[in-house]
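Form predicted alone, single chain, as structure tokens, below.
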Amino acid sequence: MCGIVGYVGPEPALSRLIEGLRRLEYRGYDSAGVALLEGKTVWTRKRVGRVDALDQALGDAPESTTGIAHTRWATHGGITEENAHPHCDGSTGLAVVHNGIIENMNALREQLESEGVVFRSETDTEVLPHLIRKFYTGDPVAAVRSALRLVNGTYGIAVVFADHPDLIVAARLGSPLVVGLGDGETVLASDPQAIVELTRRVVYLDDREIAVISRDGVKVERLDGRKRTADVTVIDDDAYGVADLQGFPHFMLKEIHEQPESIQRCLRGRLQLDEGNAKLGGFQMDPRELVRIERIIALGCGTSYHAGMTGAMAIEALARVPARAEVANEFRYRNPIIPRDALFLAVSQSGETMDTLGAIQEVRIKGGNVAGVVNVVGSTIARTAGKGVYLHSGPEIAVASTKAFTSQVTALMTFTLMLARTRNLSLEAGQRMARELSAVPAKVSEYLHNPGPIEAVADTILDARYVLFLGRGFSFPVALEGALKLKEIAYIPCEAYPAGEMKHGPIAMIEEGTPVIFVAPSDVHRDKAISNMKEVQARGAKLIAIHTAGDHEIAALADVSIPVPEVADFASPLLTVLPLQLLAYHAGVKLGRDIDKPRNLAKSVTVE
């Protein structure tokens, strides 16, 4: 969740480190710090707050061509300068930045304190520089290796040594690191987003690997000392764009309006309109293998879990294969039964979500079949799964996910079509489904050009003590996603329920004026949804309805109605989620929230 950047080369390191931190700030923004090599010591500077606060404190920074930097999302210890990274040993002869959690920090800290080490912070990370110093006799790699052998937990680390001014030692276990290879310069980061402006040639580190980074490139070896050839990957130009607002006030709003293009990219080259089918070559499964799948389990967290729920409903309804979605962080710890005839889908925007990665590792250990549904090319989940589908939605900078959700749903619907055609879906029905999917980008664009009274709805919920989101069928995960966005961006208390379940508890929360946001497209649940709307209105609720354009009955029933273009039932989440994304955005703006960097959140959740 935190961000790491490192640089070794002929140019001043500081400007490259700060720029890298800015591009990674969505991964953590509690504090930031930098370490530069200066003579026989390591010079550090740390500040609480955003990268701008650190940048303003660097007037006396030394000219150095080697350094590391970090932007923090707090885990162990409060948000203070003492707890910010980098952390040094007692002599300031080496410095460490770290993503992850050292689970045995207490035991290591007690042992080091008994040996006379004085700690300056509350963090788990600070044990690392002291451990490395303990084993350091002139060989930086040997010292890092010896220290990490004592560590339990997860880490992505970068270490600089005053004795080795043109060297960075990095290592990873469960927390991503990537090395970028330039012309006489080498960069390190926890996300390719930080380095694409310098180079597109990268080497991804795997778990339990150490990288020795110099101007000449990178040498990679296993933690046990075995050498490994550094395989170079060239990043696709479309995978990582420049973090540019392009005239929008926030990345979240920009990414909402990018959804026609991101959905189109996800569909491009995959739909076969004449055959009424889809082709997802990344799954590496021919029709004979597809037809042997007897169940689908989608694994995800947060927004990705909601997308997985949507996909599972479509798979069951259209392909007639039993399917369900599971919260990844619960799944892995209940000793799950892994059916041999199942396909597990790991759904993740970043491809680095620790809980989802842990779940698919549990599946693989038990002999299960896994495919990834991820956005970030070369990410850990993509490489661990080895097959699946890339979303191609482009970089998503705002912490609250929007276009990734619709791209995930699109990819899952495309997979549903491919799976269904091996079973019960006829040519004609397949052609119809393919046409419906191909029409979605234009309908998303149509809605975004005329979104309806979103700001008026935002005004009605700003002072609400409680907001209830309701939906049935495909609209229930959309309601969950809408409530999540409102909580993430506006910090307004709310929850989502299946509309039929509302009578079994949440209706007690409704009083005069309570906003109830009902997702009710013209699908098979419409009549039941109208009954539920009347039930909440009878208790004094203010009803906001997201409905299909032309449904005058629902429009007349609601206090505020927001129509969306008509689509097939299975595709309705791709339209009905849009007003909820915009509602969260405008409510957050009106309340003065930090839209792209909401409090306590980070983009890529790489800790448990």
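The structure presented is a predicted model; accordingly, all values stated were derived computationally and were not measured. Note that residue numbering follows the sequence shown and begins at 1.
Quick note: we don't show the form predicted in complex with a small molecule, though the next part is all about it.
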> Pick from Asn532, Thr123, Asn277, Thr303: which residue has any heavy atom within 4.5 angstroms of the small molecule in the predicted complex?
Replying inline: Thr303
>> Between Ala189, Ala400, Ala499, Ala420, only one gets a heavy atom within 4.5 angstroms of the small molecule in the predicted complex; which residue is that?
In response: Ala400
> Taking 4.5 angstroms as the cut-off for heavy atoms, does Glu258 touch the small molecule in the predicted complex?
Replying inline: no
> For Glu488, is any heavy atom within 4.5 Å of the small molecule in the predicted complex, or not?
Replying inline: yes
> Does the small molecule get within 4.5 angstroms of any non-hydrogen atom of Thr71 in the predicted complex?
Replying inline: no
>> Does any part of Leu484 reach within 4.5 Å of the small molecule in the predicted complex? Heavy atoms only, please.
In response: yes
>> Looking at heavy atoms inside 4.5 Å, which stretch does the small molecule contact in the predicted complex, given the options 345-353, 146-154, 259-267, 172-180?
In response: 345-353
